[in-house]
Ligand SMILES: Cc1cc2nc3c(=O)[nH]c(=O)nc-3n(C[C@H](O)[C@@H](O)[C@H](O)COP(=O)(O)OP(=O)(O)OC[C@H]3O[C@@H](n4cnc5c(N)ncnc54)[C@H](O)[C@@H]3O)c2cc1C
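Okay, here we've got a single chain as structure tokens, the form predicted alone, with questions on binding and movement later.
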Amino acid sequence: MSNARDYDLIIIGSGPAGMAAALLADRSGLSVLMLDDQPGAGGQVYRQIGPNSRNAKTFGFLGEEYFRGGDLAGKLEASGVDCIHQAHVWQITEDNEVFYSRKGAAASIRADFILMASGAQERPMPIPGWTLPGVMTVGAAQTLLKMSATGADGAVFIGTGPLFYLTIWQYLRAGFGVKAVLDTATAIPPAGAFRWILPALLQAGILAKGWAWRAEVRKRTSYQNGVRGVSLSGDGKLEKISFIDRLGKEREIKAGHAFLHQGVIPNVNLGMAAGLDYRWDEGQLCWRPVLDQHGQSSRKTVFVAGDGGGIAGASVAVTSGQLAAARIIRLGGKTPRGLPAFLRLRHWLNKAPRPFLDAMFRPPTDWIVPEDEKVIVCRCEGLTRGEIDQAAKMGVAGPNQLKSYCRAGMGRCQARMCGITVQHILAEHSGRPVRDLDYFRLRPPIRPVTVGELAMLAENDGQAI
């Protein structure tokens, strides 16, 4: 690893977008540094891909798509890309200096270009009881499988979406029992989804795979679709799940573990804190950065690739990373090497099914904004829907003014868990669409940094850690 130097390109995140971009940039002669949160390359999609590729036990349940990441990770390891893992980036300055913390120390490194490939997060689901012990996200369930081949036997899965079906399918293949699956999607896609069916059929194989996962889940579990009105309850931990089935009947299931999922959204905190322009995406119900076809942001030397630029899946992440890297290479005065001439076409084809999937698995409103005023919305500050309603009734103009009334969004996660919900609540009170409301004003550091880490900056001036 190089020290005390600037780079042509710093890539933040080592998922499919980051790895694909790094390999192309490295082959084309750019000096590249990759900073990543995790102990090894792969991101969430290919988490623990290195060890798992050498573990025959995982072959039977993680699926062939997962192990495709092994090729990217292997090439990255053999490349000239400098990688710093367990590096938590918390600021990007206007002159492209990247600050990060690692193992109790902090450092900064500068680059001519920055590619943010920091991925997505699961959409928070503020339903009654979602903060109870025993309740986790489907992403967490999948992380358990990938990290240690473990899981919660007899859990109930609640939600919908491609990752939802894939993870249940992986759980079943791994030998774990699934007590029930409560699917919020209906058996037949909503009418609005069918206007996107023709482009989606360009990737018929992907759709067929999703249907196969769902069919196996239906066959091997107690499966119900069209579920609504889900409520989780218990005395200090999850004990009971109540819901209304598709026939309108109230039902209950006793369970100690539940996994929730209602799709994923771009992780916006680093990009917003770096001053990138964002716009509201009504199709995916989230904020996404304003990008050109190469992933170039409103800051001309900062690019975004992968799900951080809009949710589209691993194959699109790879081509978006390559498109961004190709543009950066040309701006650096060099010619991309090994870039397929049809890359842009392949990128478009990979994205083709996405509008259909977005329409098919669009989350219901009561999964974004709880109807019960006692449900906690801001987990960091312990604020309920009712308390935010009371502050909103005072006539606050937006989320940033709301902070001074009730501290919503001011906790450790900096609105990562409550931001979208708070905006919808304020939209209800103001009668304005969500897109017309400002988002929380995010400032660096985007994650907690200790005084000791800051003190280490002077000692590590220009030195990677």
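Position 1 is the first residue in the sequence shown; the rest follow in order. If you're wondering where the values come from, they're calculated on a predicted model, not measured in any experiment.
This next part talks about the form predicted together with the named molecule, which is not shown.
A heavy atom within 4.5 Å of the named molecule in the predicted complex is found for one listed residue only; from 107, 200, 166, 145, this is 166. Taking a 4.5 Å heavy atom cutoff to the named molecule in the predicted complex, the contact residue among 413, 30, 45, 437 is 45. Residues 158, 185 and 357 are none of them found to lie within 4.5 Å of the named molecule in the predicted complex, as judged by heavy atom distances. Of the candidate stretches 437-445, 451-459, 6-14, 21-29, only 6-14 has residues whose heavy atoms lie within 4.5 Å of the named molecule in the predicted complex. Interface membership of residue 319, defined by any non-hydrogen atom within 4.5 Å of the named molecule in the predicted complex, is ruled out.
Proximity of residue 387 to the named molecule in the predicted complex: non-hydrogen atoms within 4.5 Å are absent; the residue sits far from the partner. The closest heavy atom approach of residue 35 to the named molecule in the predicted complex falls within 4.5 Å. Taking the partner from elsewhere, residue 295 is found to have every heavy atom lying beyond 4.5 Å of the named molecule in the predicted complex. With contact defined as any non-hydrogen atom lying within 4.5 angstroms of the named molecule in the predicted complex, the contacting residues in 241-278 are 264, 267, 270, given in sequence order.
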